[in-house]
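So here's one chain in two forms, each on its own in structure tokens, numbered structure 1 and structure 2.
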Structure 1
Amino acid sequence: MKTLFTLALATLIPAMSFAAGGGAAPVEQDWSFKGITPDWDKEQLLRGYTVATQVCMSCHSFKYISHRNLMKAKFTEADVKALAADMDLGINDKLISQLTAEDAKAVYGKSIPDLSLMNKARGNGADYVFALLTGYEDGVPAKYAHDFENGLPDGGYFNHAFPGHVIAMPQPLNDDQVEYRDGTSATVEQMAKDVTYFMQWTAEPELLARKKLGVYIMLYLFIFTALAYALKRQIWKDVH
């Protein structure tokens, strides 16, 4: 019984992950997709989508995501058609940035990663991405001065969360960069939280369904074990 329970629990608890070397360990945030009764907040997804499409997509693609996919996240067909039309896209078109890989390489000296699966690709997923987006400094903080005696390299920006602390991505978020339809104030922190939330969904649209299934499996295991135990007592009750 105990082993069964432990096994069932083990399948539910996501694998522990570790921060990549060199970046500060990200602070754990409170996310609604965590816990055993998680849910997607449609308003927050829409805010995150706004930041993703209006800010991040000037450089990054979400090549696995089309507007149609949003219908899995409680959006209606009319919703997604209107959103896609605003971007001059059909609902089956993938979210591809206008910036080509060659141009990106020429301008930033780095290739720009696709963001669809980013939250799964990095240790500490959402917490890391949030820390990255809010982890910029103008110049090198005094604490790190000895690591950068000649200042930051050309085209490099200081970031607390990025491994090695020098990233080629300029700080992408500034206060009031987008206007949210629901009137939420677009601070850097709010936008970082929302876009990270959206990226959690793009990385794992089936997350909630999977967690629910996990809960059902655990219930099933409990009931089955209780029944088996009752049956065993019934069968053995006359044997002394």
Structure 2
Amino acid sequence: MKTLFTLALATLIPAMSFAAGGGAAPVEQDWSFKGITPDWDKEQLLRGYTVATQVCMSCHSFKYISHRNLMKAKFTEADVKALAADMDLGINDKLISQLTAEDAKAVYGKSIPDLSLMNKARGNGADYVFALLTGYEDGVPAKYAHDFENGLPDGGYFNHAFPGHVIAMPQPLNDDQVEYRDGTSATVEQMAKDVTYFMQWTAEPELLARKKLGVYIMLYLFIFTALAYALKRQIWKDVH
């Protein structure tokens, strides 16, 4: 019981901290990587990769990911070689932004976070990242005017999902910012959902294998428990 209580508390504390921070609770989205039978949608991963490499990487890196890793998500070697070649990279090269740490500090006053594990580092994971990317608004909404009587602070942007509602990062996505290979319309919401999906994969490329293994382990434990119970019944059947 102590263990269960500790696990429950560990789950609740991040959620409580998030709510206390003043950000609007993100709406739960329908993701193909959720549930007991998760899957990676190759087309959505490719769209997310497009946004990540053409928009996000102008500032952020994915230093734990190379094109070769995509071969774990339905991409063939020919696929990843073509994608890497488009970026003048080898398939084993990490996805590193051209913006150096020194330049980032000179421009933004601080280093820029790597995005490889960002979905795992934030409470509510993919739902929060999607809410953040779609949560920008020009100026301060009327319902929050009393919190910002002097307007937004210099260098700050209003965001519904961000704790405190003021974020230093300007809105990164705009309609038709990229051109999708499959012809999907590149709206802000579509790009946000796709790049969030890609970031979930970079954070947990082993997700499908881990969940599949979990199903096998639960099946094994169920069978083992049934056999142990049957053995117990057999051993004690003559004891009254």
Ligand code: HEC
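Computed from a predicted structure; not experimentally measured. For the two forms, the rigid core is made up of the largest set of C-alpha atoms that agree within 1.5 Å on superposition. When a residue number appears, read it as a position in the sequence of structure 1, where counting begins at 1.
Asker: Looking at both forms of the chain, which one is the form predicted together with the named molecule?
Answerer: Looking at both copies of the chain, structure 1 is the one that matches the description.
Asker: What is the magnitude, in angstrom, of the C-alpha shift at Phe224 between structure 1 and structure 2 when the rigid core serves as the superposition reference?
Answerer: With the cores aligned, its C-alpha sits 2.9 Å away.
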